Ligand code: LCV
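Just one chain is shown here, as structure tokens, and it is the form predicted on its own.
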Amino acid sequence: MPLIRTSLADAIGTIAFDRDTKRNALSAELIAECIAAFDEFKNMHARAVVLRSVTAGKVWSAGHDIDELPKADVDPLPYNDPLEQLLRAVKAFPAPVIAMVQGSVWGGACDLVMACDLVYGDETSSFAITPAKLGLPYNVVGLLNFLSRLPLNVVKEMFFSADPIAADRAERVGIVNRIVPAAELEQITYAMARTFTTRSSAAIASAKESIRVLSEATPINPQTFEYLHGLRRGVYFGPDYHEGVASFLEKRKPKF
């Protein structure tokens, strides 16, 4: 069975997660379907894409499928990881991608929301980035994704505590563009998407790509890159990552 549902109407594409039994966890198969949908929408000249869940449940997405993370001694988030490929597909898509969020967003799904151009949510939405609960060393690209969007102290709080940020505060700090009543969320989200379809697609595509390049324009010398990679390597070879993944799979609190 497909893990997403897609549609295209009035030049607006919709990609909706449909994996409720796994809380819309971002498995490699689900991600492959999403990337294929983005490719299809690009070929069909979609003017905007809405990323959402089929159902308005308690969890929008549980994040990276924990069963697919390597258990030990391998980089858990390499460049070719499926989630990393999806983040690049969202950023490279030549039209706006809007996340429509109902429920909680965890881990890699929070990174996915940050990669979207706009975010709309209702009062039930919350956002947490959870590598500190898994002993997982987050990659530099992912950190930059947050740093380019949020105040430094908020990024630190999210990565250090792994606690969720509730809807009202998420709007204040800039995680979301707007928090609106659940009954109005779909209408407001698609109204913004329709606005984009009435503007110059060439101008929007140029602006989106220019903003992406400028936001990622952080100069770094090879020595510093090796230093940062060494920090990550020390964690995923160390005991915390082993314990974090094991405790999650065993449904117990980790002993760091």
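Counting begins at 1, following the sequence as shown. Every value quoted in this text rests on a predicted model; they were computed, and no experiment measured them.
A second form of this protein, the form predicted together with the named molecule, is not displayed here; the remarks below concern that form.
Shown here without its partner, the chain carries Tyr120, Arg149 and Val176, none of which come within 4.5 Å of the named molecule in the predicted complex through any heavy atom. Comment: 99 to 107 is the region of 149 to 157, 180 to 188, 99 to 107, 165 to 173 lying near the named molecule in the predicted complex, near meaning a non-hydrogen atom within 4.5 Å. Although the partner is absent here, Asp67 is a contact residue: one of its heavy atoms lies within 4.5 angstroms of the named molecule in the predicted complex.
Using a 4.5 angstroms limit between non-hydrogen atoms, Ala95 is distant from the named molecule in the predicted complex. When the named molecule is considered in the predicted complex, Asn145 lies well away from it, no heavy atom lying within 4.5 Å. Looking at Lys133, you'd find a heavy atom of it within 4.5 angstroms of the named molecule in the predicted complex. Along 226 to 256, these residues reach a heavy atom to within 4.5 Å of the named molecule in the predicted complex: Phe248, Lys251.
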